[in-house]
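What follows is one chain in structure tokens, specifically the form predicted alone.
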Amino acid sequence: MELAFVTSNPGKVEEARRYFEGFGVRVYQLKMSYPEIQADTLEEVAKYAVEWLSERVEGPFFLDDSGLFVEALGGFPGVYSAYVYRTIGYWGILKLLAGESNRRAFFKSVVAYWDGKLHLFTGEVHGRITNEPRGTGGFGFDPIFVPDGFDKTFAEMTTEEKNEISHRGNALRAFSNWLKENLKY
């Protein structure tokens, strides 16, 4: 089975491939722009995107909408994480947290799958924001996020290490388990 991952981020595709390769699902990247509405939740953003894409993409596909929610910033950047990363980057988040002792944060991911119906799978990972970026791997806010129970940022981890514990990894695991149980191929 082939499954399109609608994203412009090749790093996300590489993470996803590892979940599906073991049971005969080939994930490929489909670069296609879609509107990202301003909404209160990642689920709302993902649902709108999938419904819009369902009229333009043939066959089953999925997408991911993720966000970094920083406690001291009232959950910001949250659903605006991609925009915030593009405009102020992780240095901007570090500047906003300068002098702040509460560094608690979590990443959340919503994987939205379309096969004629919408299916949502979520994952979270809690941790903290570092005082400075560390590591060269990963993408986005990975250099400033240390998950609970670890001393390394996501950017200091291998893809395999990150997949085991990350928000996207948890959502993709739930999605891949659902596919194993519900698809006959």
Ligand code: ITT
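When you see a residue number, it is the position in the sequence shown, counting from 1. Just so we're clear, the structure is a prediction, and the values are computed from it rather than from any experiment.
Note that the form predicted together with this ligand isn't included here; everything after this is about it.
Put simply, Phe106 is far from this ligand in the predicted bound form: not one heavy atom of it is within 4.5 Å. Taking non-hydrogen atoms only, Tyr85 approaches this ligand to within 4.5 angstroms in the predicted bound form. Although the partner is absent here, Glu36 is a contact residue: one of its heavy atoms lies within 4.5 angstroms of this ligand in the predicted bound form. Although the partner is absent here, Ser8 sits close enough that one of its heavy atoms falls within 4.5 Å of this ligand in the predicted bound form. Looking at 50-58, 63-71, 112-120, 128-136, the stretch with residues near this ligand in the predicted bound form, meaning non-hydrogen atoms within 4.5 angstroms, turns out to be 63-71. In the predicted bound form, Phe139, Gly140, Phe141, Asp142, Lys162 are the residues of 134-162 with at least one heavy atom within 4.5 Å of this ligand, listed from first to last.
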